[in-house]
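Below you'll find only one chain, the form predicted on its own, shown as structure tokens.
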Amino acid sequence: MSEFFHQYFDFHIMGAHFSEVLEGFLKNLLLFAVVVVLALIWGLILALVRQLPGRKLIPLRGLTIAYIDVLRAIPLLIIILLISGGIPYLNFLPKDIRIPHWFGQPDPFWYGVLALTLVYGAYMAEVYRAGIEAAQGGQMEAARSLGMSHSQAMRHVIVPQAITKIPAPMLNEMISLLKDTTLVSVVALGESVLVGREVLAETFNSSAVLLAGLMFLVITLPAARLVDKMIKRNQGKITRGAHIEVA
């Protein structure tokens, strides 16, 4: 048992490498912050395109659905490897795009941003779609009867209502996104897990890796409890609404 605690709870190693692991964890948080903004925007665009009416737009809707299905079906790790291993060799693109070093961040960071945005945009599009379909009902017809176009009805009526229905599932996707930022270590981004693995290789001790896990726990555990609270509150609203209808 003492060997187990020494392997995972060596506080000397944790203390000696705390600043390195923390710096890597801040890289995870930065990656998360950039991706969550882009993925929320991209996901909303995909969801709105999927809701476009008319026979002429069937091909566009079909392509959007195919994109969402494919990106959700392929493991994120494969997407990261394909992007990081393919984009640098697209010689028709400028070098600053193929091997980006924007805002002082290395190219693995931006490959990770692209991969995570593409994948999580697809996941968030489905969350938006669920909210939109839950909000529509007769709202679209009512808005159109008032003279609004489809885009105006979506912008002023449907989407604002949809957003109020999806905080819990959207936050759940964000928790998964934060954890999946560690996958970018596969392309040598110096985030917390990669730093922990490097310490493990030097010391043959897993305490630094566990330290990285504890840093994620500090954020994800309260967020998970918040999701539970939001779901419970939403269920309470549904139950009260059902009681009112019965009465």
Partner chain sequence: MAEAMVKLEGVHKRFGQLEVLKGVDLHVQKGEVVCILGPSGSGKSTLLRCVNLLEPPESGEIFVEGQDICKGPGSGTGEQSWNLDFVRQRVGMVFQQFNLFPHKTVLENVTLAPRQVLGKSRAEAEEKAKALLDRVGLSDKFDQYPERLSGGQQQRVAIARALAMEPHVMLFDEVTSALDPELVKEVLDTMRELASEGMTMLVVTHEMGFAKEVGDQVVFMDGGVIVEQGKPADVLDNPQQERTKKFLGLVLGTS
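From a predicted model like this one, the values you see are computed outputs, not experimental measurements. Positions refer to the first chain, counted from 1.
What follows is about the form predicted in complex with its partner chain, which we do not show.
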### Query
Looking at V157, I74, L114, I163, which has any heavy atom no more than 4.5 Å from its partner chain in the model of the complex?
V157
### Query
Given that its partner chain is left out here, which of M148, I175, I83, A168 has a heavy atom within 4.5 Å of it in the model of the complex?
M148
## Note on the structure
In contact with its partner chain in the model of the complex (heavy atoms, 4.5 Å), from 64 to 72, 29 to 37, 195 to 203, 49 to 57, is stretch 49 to 57
### Task
Classify V119 as contacting or not contacting its partner chain in the model of the complex by the rule of any non-hydrogen atom within 4.5 angstroms, answering yes or no.
no
### Query
Is I132 close enough to its partner chain in the model of the complex to count, meaning some heavy atom within 4.5 Å?
no
### Task
Spell out, yes or no, whether the shortest heavy atom distance between Q139 and its partner chain in the model of the complex is within 4.5 Å.
yes
### Query
Is there any non-hydrogen atom of V127 lying within 4.5 Å of its partner chain in the model of the complex?
no
